[in-house]
Each structure stands twice: as C-alpha cells, then as structure tokens.
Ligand SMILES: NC(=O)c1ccc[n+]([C@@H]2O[C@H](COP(=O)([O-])OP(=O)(O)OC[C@H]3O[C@@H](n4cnc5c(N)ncnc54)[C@H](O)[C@@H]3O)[C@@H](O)[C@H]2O)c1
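Let's start with one chain on its own, the form predicted alone, as structure tokens.
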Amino acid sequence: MELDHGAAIVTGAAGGIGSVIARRLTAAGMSVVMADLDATRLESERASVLGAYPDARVVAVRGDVGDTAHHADLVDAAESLGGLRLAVLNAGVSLQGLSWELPLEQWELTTRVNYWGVVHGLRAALSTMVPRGDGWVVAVSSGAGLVATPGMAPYVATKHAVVGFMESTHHELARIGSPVGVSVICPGNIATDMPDRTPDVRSAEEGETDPAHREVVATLGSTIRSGVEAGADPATVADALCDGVAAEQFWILPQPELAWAATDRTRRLAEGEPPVDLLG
C-alpha cells in the first residue's frame, strides 16, 4: 500500500517509537493525526515534526486509548485531513513485578491500554476503511507477543492477545474479500523511555512485593531496563513498519532474530520441553 497520500493515525505518539513513526509517515507524504494521553509532550512532538516538515498537515489529539470516543475523534480528524488510510495502534505501557503480586489495578491499566486500545482503534478504523475498500491497520505488539519472559506478565499477556486478535482479523478480512489489510509488528528491545513514562511503576514494583521476593523483582527489573537501554534505535521500527505496509505483509519483525526465538518455542511445545527463560 502506498504511503504518499491520505491520513494516518498514530497512537502513543508523544515519544519513543510513536513519535518516530509519525515523523517517518510525514516524510513519506501522509497527513498525520498524533495521539497520546500526555498533552504537553504530544504538542512538543507535533511542533518538532512541523519544524522538520513545515508544509505537512499534522494535528495532535489528546485522549485515552481505552475510550471508544477517543478513537472516533481520531478517525474524524483523519477524515478531515484527506481520508484515513493508515492506523498505527502503538500506545502501550509496561510494568515489572510478579504476576500474583502486581496490584490488580496495574493489570487493568495494562489491559486497557495495550489490548483494549488496539481493539477500539481497529474497530473504529475498519468501520471506515472496509466500506471504502482502502486502508491498513498496524498493531504494535512486541517480541513479548511471540515469546514469554518473567517479570512482566501483564505486558506479555496483552501483547500475545494483540497478536491473536490481529491474526483473526487478517483471516476475517480475507474471508470477505476486502482489499483492506492488517499487520502486527513485533519489535524486540528498542531504546525508548517507556519504562520511565509508565505511571505508577515504582509503586507497582515496591508497594506489593513480598519482602522475600524483592531481590528477584529488582534483578528482573534491572535486566529488563538494561535490555531496553541497549536496544535498537526506534527508527528501526519505523522503517520496518513502512516497508512492511508497503509490501502488504502481515508479520513485521524489525529484528528478524525474534523469529528464531518463536521457532524454538514451537519446537519445545512439539517436543514437550518446558519454556526457556529468555532473561537468563
């Protein structure tokens, strides 16, 4: 699908991967609706994009991706910029802790953003795209949507859910013969500030942890953060996304080695072996 005209929606666009994707799509020639809950950072990123591309049409819409009305507003904004052709559902949060000790509120927050944010966004976008017969939706999952790691069960669970949801949607669009398509992109470690931007991380890690488990949780958190800090540049994801959509691929892997981890998981399943702890 061509990315040189029409409008795109990018959620989670106030930093990290989302802001880089918004900039990349603007450079390609699309109008962009940038969305995020953080209004101050969102406007700053919008100004930065317009500073680089002053003739572009870029708008910022603050809102909560867990709210269906927010997605209706995003579609309306995209329609006013030339018609919605691409939706990139990128907003996400990540929390560290043991699955049974993380407060239920943190599970609910992660599910609201990482899973329901994708469900609401896809439903809103496809309701416009399918009747028109044009468009593409990309859900940003993660390597954690292909293989599981300890210390971040809510994140892993929701990213696995996104992968399954997008696979089912892919099959459904094919069944009705629609030219509209979907992709799921699964980055590995990417150098972003998402762990620091996630609300209430400190209280989630420290407030509910059994004292006997705090060293384990601290070690897991340190390992996860070190991996993120040493990760690839967010441009790796933006480039892979644009190339993948242009080629109309379902699976988009910015770091292809993740496929090997997923293959090893399948082998272990077939041979009855236990899963491997990828954090060592």
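Keep in mind the model is a prediction, meaning the values are calculated, not measured. Throughout, we count residues from 1 along the sequence that is shown.
The following text describes the form predicted together with the named molecule, which does not appear among the structures shown.
Enquirer: Answer yes if any heavy atom of residue 142 is within 4.5 Å of a heavy atom of the named molecule in the model of the complex; otherwise answer no.
Expert: Residue-level check for residue 142: yes, a contact with the named molecule.
Enquirer: If you check in the model of the complex, is residue 128 within 4.5 Å of the named molecule, heavy atoms only?
Expert: Heavy-atom contact with the named molecule at 4.5 Å: absent for residue 128.
Enquirer: Wondering, does residue 65 line up within 4.5 Å of the named molecule in the model of the complex on heavy atoms?
Expert: Result yes; residue 65 sits at the interface with the named molecule in the model of the complex.
Enquirer: Contact between residue 97 and the named molecule in the model of the complex at 4.5 Å, heavy atoms?
Expert: No, residue 97 sits far enough from the named molecule in the model of the complex that none of its heavy atoms falls within 4.5 Å.
Enquirer: Between the options 91, 166, 137, 102, which residue brings a heavy atom to within 4.5 Å of the named molecule in the model of the complex?
Expert: Of the candidates 91, 166, 137, 102, 91 is the one lying within 4.5 Å of the named molecule in the model of the complex.
Enquirer: Which residue among 233, 239, 38, 248 has a heavy atom within 4.5 angstroms of the named molecule in the model of the complex?
Expert: When the named molecule is considered in the model of the complex, the option within 4.5 Å is 38.
Enquirer: Please pick out the stretch from 128-136, 152-160, 174-182, 79-87 that is in contact with the named molecule in the model of the complex, where contact means heavy atoms within 4.5 Å.
Expert: Going through the listed ranges, the match is 152-160.
Enquirer: Hey, which residues along 96-121 are within 4.5 angstroms of the named molecule in the model of the complex, non-hydrogen atoms only?
Expert: Sequence-ordered list has one entry, 113.
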